[in-house]
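Below, in structure tokens: the form predicted on its own, a single chain.
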Amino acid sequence: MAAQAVDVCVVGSGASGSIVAHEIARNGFRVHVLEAGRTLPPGATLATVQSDVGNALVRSSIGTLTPFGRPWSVSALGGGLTLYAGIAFRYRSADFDARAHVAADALDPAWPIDYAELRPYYDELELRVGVARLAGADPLEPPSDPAVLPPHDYSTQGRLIAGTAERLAMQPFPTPLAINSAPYAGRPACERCGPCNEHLCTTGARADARSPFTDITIPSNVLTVSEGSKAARIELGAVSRADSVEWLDTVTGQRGSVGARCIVLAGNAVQSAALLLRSVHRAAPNGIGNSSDMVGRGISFKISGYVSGHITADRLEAPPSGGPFSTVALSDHYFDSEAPSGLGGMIYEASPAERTICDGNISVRLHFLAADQPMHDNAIQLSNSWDRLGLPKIVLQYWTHPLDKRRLGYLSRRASELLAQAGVKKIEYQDSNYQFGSGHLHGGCRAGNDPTQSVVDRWGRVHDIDNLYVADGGFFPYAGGVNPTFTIQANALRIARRIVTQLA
């Protein structure tokens, strides 16, 4: 058995890993975080860092494996929170039980918890981080404590979208953002200095992996973070207990091991499933937690796309400016009898990075997204080929369900109609390439009460292993119809509190 070097080893430092590590460390337990990425340099963007991240394999149209899969949102210290848009929706009640809206051949989408159980963790995180929103403006917003920050003003394009939507008897509302609209929690207000999404925030107005902890004191010498340390394999000390995590230095390939009383996977939905599959033992010949062949299954990326066009600058109320990626959203088509299955999705402003007037025109763009069906055969698998660290390459086996293709087309038409009514010309559809992974990663270690149909229980504990947990988006049995980051964080805090009680 490996030496018990720490109380808890956390794999990943992003949305879930940072929450788990700090919550457990603040209670005096020794925590070691393994982070495969490193601190991003100043000026980093998604475009500049993607080339440094290993790709996954995906199926081409003719069935061959091609290296275009994206198994990370961002591989870096702080994870996807370093470059995300700050969009901070809460899941709606239907996202926790969508059984009335999925196809007959889908996996069970019902979560083993509901919104009421998660609400106090949403409320606590919102108070810590500061979410700018207009309470009650979203007709589908679930119950919550009062907003701690006022919403951001609509951008120039946002005002156009909101005004058009109101004329069409829709109910636009400010996109909830984990970006300060006023100074809060030791961070400044947003200066609207430039594009947010896929860029580092230069002022600190946008919340990141450090933001929930400004008022938390951590005892000295209890939290260690190792950058460039790729978790390769989990070792077992007994049939039902994890003992340590073997890791690889991403530069030198040197191997190391962290022994721990408890191990928490928080890399992301793809990485956590792959780590379990790589952890083959005599007691777990198909990988840890995989006795029912469910590890990696039900992976979901959210169906999504963009529509955009241009409008002459003289039609706008004010010159374009920088600032948040999204300032206005619409949930009018979330539940819609005209949508296939009756469940549509969100539409919101997605301003492009380039917002200047060009030839007298300015671009206007909308993003639309919805939860995809959790399917048994949409799965994370391991290839017979190897990456530069000597680990099996990850395969993303994913096909869009026919029902989801129809739902995506429905949302595309609704978004295009909205732009047309706003006077936008030359409207074009832009593929988000969601089927390759990257932005929204859910499932693969799906939670449930039935061990034959899930990987973890309601607390994120792997059914087969007493001291192994999954706290990232892999927990999600259903992807939900809005951006998942805030829900990942809230659920990670819930799981971390449970782990603390188990360690005491």
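Counting begins at 1, following the sequence as shown. These numbers come from a predicted model, not from an experiment.
The following text describes the form predicted in complex with a small molecule, which does not appear among the structures shown.
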| property | result |
| --- | --- |
| Interface membership of P484, the small molecule in the predicted bound form, 4.5 Å heavy atom rule | yes |
| The small molecule contact at T164 in the predicted bound form, heavy atom, 4.5 Å | no |
| A479: touches the small molecule in the predicted bound form, heavy atom cutoff 4.5 angstroms | no |
| Exercise: S351 in contact with the small molecule in the predicted bound form, heavy atom 4.5 Å | no |
| Interface stretch in the predicted bound form with the small molecule - options 23-31, 435-443, 57-65, 455-463, non-hydrogen atom within 4.5 Å | 435-443 |
| The small molecule: the contacting residue among H401, R192, R278, R413 in the predicted bound form [heavy atom, 4.5 Å] | R278 |
| Selected contact from G80, P109, P174, P212, since only one has a non-hydrogen atom within 4.5 angstroms of the small molecule in the predicted bound form | G80 |
| Joint contact, A36, A85 and I488 to the small molecule in the predicted bound form, by non-hydrogen atom at 4.5 Å | yes |
| Cα separation of F213 and Y122 in the predicted bound form versus here, shift of 3 Å or more | farther |
| Sense of the change in Cα distance from S75 to R210 in the predicted bound form - at least 3 Å versus the shown form | closer |
